[in-house]
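Okay, so here's just one chain, in structure tokens, the form predicted alone.
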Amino acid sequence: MNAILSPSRPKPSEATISDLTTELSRRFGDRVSTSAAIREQHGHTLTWVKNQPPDIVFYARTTEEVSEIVKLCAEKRVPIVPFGTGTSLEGHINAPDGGVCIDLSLMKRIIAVHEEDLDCVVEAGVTRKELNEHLRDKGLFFPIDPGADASIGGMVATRASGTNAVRYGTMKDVVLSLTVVLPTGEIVKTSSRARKSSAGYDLTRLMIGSEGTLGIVTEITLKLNGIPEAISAGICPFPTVKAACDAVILTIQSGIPMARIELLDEVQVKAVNLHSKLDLPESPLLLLEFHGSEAGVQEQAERFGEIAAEFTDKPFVWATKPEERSRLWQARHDAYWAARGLRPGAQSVATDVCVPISRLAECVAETKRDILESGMIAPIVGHVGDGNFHVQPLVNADDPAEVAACEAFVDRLVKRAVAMEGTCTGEHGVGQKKMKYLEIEHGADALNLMRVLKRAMDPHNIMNPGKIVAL
């Protein structure tokens, strides 16, 4: 398939931005900002990706408002960048061509909870913690947990995953339907609340993971789960990262229904201990959680203990009290910030890959060797139950040699994973930084098909330009 690439669209003129600012301010008042500080907050901030702020930030409250502003931007050919909470890591929210950032964080309505159908409808700005707080008294919970308190809309856009993915799946598995504002400003609903459908193209999954390049998700219908009768957690140290990964592989292959199974290498454990005031053994460590009935959880833990004993002589230790379990998982969620404390002043470069579970131990072990040979401080942590792991090099961004060495390391990491029939990103998404790897992973024809879809839906390339595919 030979797609003809259109030239990049020039940035909107100062006059166009000025006119648009005046019009938006007239309609929406103080929910429109051109403050430099606000604009920079809406560009990329979490890693060394250069901050590229939008020209205007608009705080939307309804789907209809999003539609209204998209129509204005389409008319003037002004780029649009959707924004949730800003926790993405690959430059997704940058505005390389300027334009308008549509901030959805005020869209907080939990529209409906259908307890009997185990689903709910929420606006895009609701965060996962806010949703679970609302659901708690109903005996339900939303299982996708990427660590950060991301917005549901942002989690849809990046096809988020997280610590519970091994049992409950990823965003593509729990989204039933979406309300999306297209690049023309039209509002479409991608599906019904039915649990399955054979009616036409799967527009829902086309939008999941599209990173705001095909439209702006404003409402989401989600599958829910009942809160388990029993939840137990534990930790198990291993002599090497490979031994820990081999234990994970055998656990999954044995069919033990783990809820969470997370890997921290010894560098990350040290960081967590310092940051969260814990005393975990500073060796490669698995954090585990089991969900089910009291008897089922007990059986799962015993079976895992038997498997772990084949790879380590260290004990599998329970965290039996809810407060102990919460503290343990909060420390895991704080791993990103904990790692940054290992080298104060250094820039964090968070990246991830995912491989088939059978190649996990090999890929992590080779990556660990690469880190040691490169002389970097780069903790490893991962949702290894589904073959996904993260590496977080800490780099002096003012040292060109360190920057070049880190970029070469990330390049080797990605190519290693793809060579093992894996992917350049298991859950962070493509954004700006991983665009160059899509052809390696998918091939030229598949990448051109993505461009065809993008061009067909967004012919003027106004929706989050410069992400996923270049036009």
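We number the residues from 1 along the sequence you see. Not measured: the values here are computed from a predicted model.
Heads up, the form predicted together with a small molecule isn't pictured, but that's what we're talking about next.
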| item | value |
| --- | --- |
| Position in contact with the small molecule when the complex is considered in the model of the complex, options Val175, Cys363, Cys354, Leu89, heavy atoms within 4.5 Å | Leu89 |
| Option touching the small molecule, based on a heavy atom within 4.5 Å in the model of the complex, out of Thr190, Thr221, Ser161, Thr251 | Ser161 |
| Non-hydrogen atom within 4.5 angstroms of the small molecule in the model of the complex for each of Arg167, Phe290 and Pro379 | no |
| Stretch from 438 to 446, 421 to 429, 404 to 412, 33 to 41 whose residues place a heavy atom within 4.5 Å of the small molecule in the model of the complex | 421 to 429 |
| 4.5 Å heavy atom contact, Ser283 and the small molecule in the model of the complex | no |
| Heavy atom of Trp337 within 4.5 Å of the small molecule in the model of the complex | yes |
| Distance check, Arg260 to the small molecule in the model of the complex, heavy atom within 4.5 Å | no |
| is_contact(Cys236, the small molecule) in the model of the complex, heavy atom dist at most 4.5 Å | no |
